[in-house]
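One chain comes next, on its own, written as structure tokens: the form predicted alone.
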Amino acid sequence: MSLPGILLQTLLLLLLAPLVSGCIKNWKAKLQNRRGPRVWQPYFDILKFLRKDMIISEHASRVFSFAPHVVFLTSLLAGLMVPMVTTQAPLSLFGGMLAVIGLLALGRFFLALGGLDPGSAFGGMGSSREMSLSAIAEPALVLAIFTVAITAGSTDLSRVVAATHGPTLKLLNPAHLMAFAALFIVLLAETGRIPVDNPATHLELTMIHEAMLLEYSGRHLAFMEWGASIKQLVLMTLLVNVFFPIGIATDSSLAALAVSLSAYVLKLLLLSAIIVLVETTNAKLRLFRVPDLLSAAFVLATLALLSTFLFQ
């Protein structure tokens, strides 16, 4: 893809990610009969954090200050490897599915290091829980993605989306529906949403992701929050464009891009509504029950992969 295409998708990632997070928070509050934050509130929060001074613990090393930039950049690079508006991802030549999964894992690793580095009890607890759950979530993510890759005959996400695009419903078979369900559960776990985690809580016994951010402030917190919203958008894009690539553009004409962007935003809003319904109708699981949910995602992804080999 040309340089303008890379810049346009970068802007789309940076600007659309906070909006999706704002829509989820606002709709969730409406369903709970609360006023809730405005849809644009994540933009204001990021700007506010960027203007504030940073308070860094005297026990923190350079890893603490380095981690937010790694989390932000890995999420952004992973987003540039995923097709969003067109079937061709800007950085598809530099890696496919494995590169995306590796970048997300690298960001998680530095997020956990940032939580551990100041030596606080909350940060260490959150990092320990995050890495324990990721040991189950990552294999489920890999197997779910590989199910689609085998059907498409490539691990390049651009080729996968191009193979699923069109009038055929080849990928809407039970195997890929199970892979979609597994990836949806992984999405809830990776973004710290109910029933795995509660992003609105600061209770010691329940928080996972938020515990790792308690020591951050100012610009560092802005990059952490922005990176988390971009990561959420990347995972949602994998769900809507890999499994349901309806309306995605196959060329770079203005008309095709406009239709594709409209379809992409509509699919994201629909998936956001599903996430809101799941969060509103379910309670947070006890910490020791969360591995059972992630194990169910792993079993679904395994069955999807095995059925792809058996019935292709």
Partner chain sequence: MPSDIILQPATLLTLSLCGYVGGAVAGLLFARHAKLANLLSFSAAALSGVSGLFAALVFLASAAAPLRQIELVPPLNPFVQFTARLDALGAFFLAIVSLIGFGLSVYSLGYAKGFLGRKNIGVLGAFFNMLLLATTLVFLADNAFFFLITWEIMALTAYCLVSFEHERDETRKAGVLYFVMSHIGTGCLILGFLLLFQTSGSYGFDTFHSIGGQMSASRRNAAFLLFLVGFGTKAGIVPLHIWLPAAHPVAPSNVSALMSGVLIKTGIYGMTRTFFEFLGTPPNWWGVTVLTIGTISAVLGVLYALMEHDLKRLLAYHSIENIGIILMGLGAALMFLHTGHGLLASLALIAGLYHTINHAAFKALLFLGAGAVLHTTHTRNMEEMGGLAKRMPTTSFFFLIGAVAISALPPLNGFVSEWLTYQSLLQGFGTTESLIRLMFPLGGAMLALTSALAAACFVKAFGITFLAQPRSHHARQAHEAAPTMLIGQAILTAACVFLGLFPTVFLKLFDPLTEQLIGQQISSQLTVVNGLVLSGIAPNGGTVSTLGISLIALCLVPLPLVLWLLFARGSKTRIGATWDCGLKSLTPQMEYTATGFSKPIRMIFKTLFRPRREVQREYDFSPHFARTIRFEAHVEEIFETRIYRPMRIGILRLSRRIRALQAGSIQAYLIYIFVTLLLLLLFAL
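Positions refer to the first chain, counted from 1. Note that the structure is a prediction, hence the values are computed from the model and not measured.
Below, we refer to the form predicted together with the partner chain, which is not included among the displayed structures.
> Among 173 to 181, 191 to 199, 69 to 77, 231 to 239, which stretch has residues with heavy atoms no more than 4.5 Å from the partner chain in the model of the complex?
Replying inline: So the stretch in question is 69 to 77.
> Of the residues 187, 162, 224, 81, which one places a heavy atom within 4.5 Å of the partner chain in the model of the complex?
Replying inline: None of the others qualify; the residue that does is 81.
> Might residue 14 be said to contact the partner chain in the model of the complex, defining contact as any heavy atom within 4.5 Å?
Replying inline: Although the partner chain is absent here, residue 14 would touch it in the model of the complex, with heavy atoms inside 4.5 Å.
>> Against the partner chain in the model of the complex, would residue 55 count as a contact residue? Criterion: heavy atoms within 4.5 Å.
In response: Output for residue 55 is yes: heavy atoms within 4.5 Å of the partner chain.
> Given that the partner is absent here, does residue 63 sit within 4.5 Å of the partner chain in the model of the complex, heavy atoms only?
Replying inline: Within the cut-off, so yes.
>> Taking the partner chain as it sits in the model of the complex, is residue 59 near enough to touch it, meaning that at least one heavy atom pair lies within 4.5 angstroms?
In response: Residue 59 belongs to the contact set for the partner chain.
>> Pick out the residues of 101 to 120 whose heavy atoms come within 4.5 Å of the partner chain in the model of the complex.
In response: Counting only heavy atoms within 4.5 Å of the partner chain in the model of the complex, the contacting residues of 101 to 120 are 102, 103, 105, 106, 109, 110, 112, 113, 116, 117, 118, 119, 120.
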